[in-house]
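What follows is a single chain, given as structure tokens, in the form predicted alone.
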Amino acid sequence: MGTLAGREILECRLTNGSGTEAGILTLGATLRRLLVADARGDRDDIVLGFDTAEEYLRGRHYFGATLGRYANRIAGGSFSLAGRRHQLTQNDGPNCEHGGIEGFDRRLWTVDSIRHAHGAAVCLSLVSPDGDQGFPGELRTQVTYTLTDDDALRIDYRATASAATVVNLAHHSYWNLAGAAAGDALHAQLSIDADSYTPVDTLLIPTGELRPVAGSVFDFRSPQFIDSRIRDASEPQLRVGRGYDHNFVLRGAAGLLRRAARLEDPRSGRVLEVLTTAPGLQLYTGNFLDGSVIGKGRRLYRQGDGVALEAQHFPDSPNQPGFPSTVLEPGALWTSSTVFVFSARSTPP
């Protein structure tokens, strides 16, 4: 799959008894492909991405990547911890986004083990040195992908630090349940188990408010077609985000695995349920895909060709005392889990 700094980029292949197949790159601990059956039993790749590892290095759209040290945005690229101000690399205007200029998506992870106790699995690890992108402390991270025989892709994260730091690891696949080459992914029904969300300012930084979704285009408590509301010009938050690029406050206690979202494509009959231990879910509708990105099969990706459902901590939590803490102390273990469960209706509508 290519090389990075003289090291070979590998793709780990996971398969289960029903024929579902996942391909995981050591570059960015990235889900490069995921073949899942539709209602007729036909398999297709349902994640956006590239055909070669070199294309992942050239682009910066985070297709399928493991994001870190801190997924999403940190305002001004800085935060204070234990009375000390830490300046991070800035790669989103003044903000630090998805770990900075050289985030975990651009690193070559090490394959620690390949296990089959509870399904086909691969464990990858990465050591981020003290001061990496401005973050304090050495961070040792593991991510394990497990493909179960009941068509669930589980992602488990573990991290330890040598000094107090902030951590927010997340997965960033762009889903198109009709198939990665099907075009518009927004004609799908989405539900999110959240009663409030975090509105943002013009730099897409949360204002600190937890705003109820009731009566707004952010109300996905019952299934809604995404394309039925994303063009609502009367909603200032959609204009600011150029679509959905917002964090939802999930119901239930963080740390417990519970349902976060459900996505169903009426064309293929494929259904995706997202379960997570994280407190939030970022809905992102590929707003910055402008037709200039050449993806798999030489297809041009456009806005709305994929939907990201990123289970994670809230954006800018290090600067928001009212948000759940993302501080990891030395000697403590940071963990998070997200499970993507796939199924298909017996017949498409």
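Sequential numbering from 1, following the sequence displayed. Keep in mind it's a predicted model, so treat the numbers as computed, not measured.
Another form exists, predicted in complex with a small molecule; not displayed. Remarks below refer to it.
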TODO: Tell me, please, which stretch of 135-143, 74-82, 188-196, 93-101 lies within 4.5 angstroms of the small molecule in the predicted complex when heavy atoms are compared?
DONE: 93-101
Task: Among the candidates D45, D305, D38, E310, the residue which, in the predicted complex, approaches the small molecule to within 4.5 Å (heavy atoms) - done: E310
Open item on the list: I'd like to check something about H61: if you look in the predicted complex, is any of its heavy atoms closer than or equal to 4.5 Å to a heavy atom of the small molecule?
Closed with: yes
Task: Distance check, F248 to the small molecule in the predicted complex, heavy atom within 4.5 Å - done: no
Open item on the list: Using a 4.5 angstroms cut-off on non-hydrogen atoms, would F50 count as touching the small molecule in the predicted complex?
Closed with: no
Open item on the list: Residue-level contact is defined here as any heavy atom of the residue lying within 4.5 Å of the small molecule in the predicted complex; does W109 satisfy this criterion?
Closed with: no
- [ ] For the three residues H172, L204 and Q282, verify that every one has a non-hydrogen atom within 4.5 Å of the small molecule in the predicted complex; reply yes or no.
- [x] yes
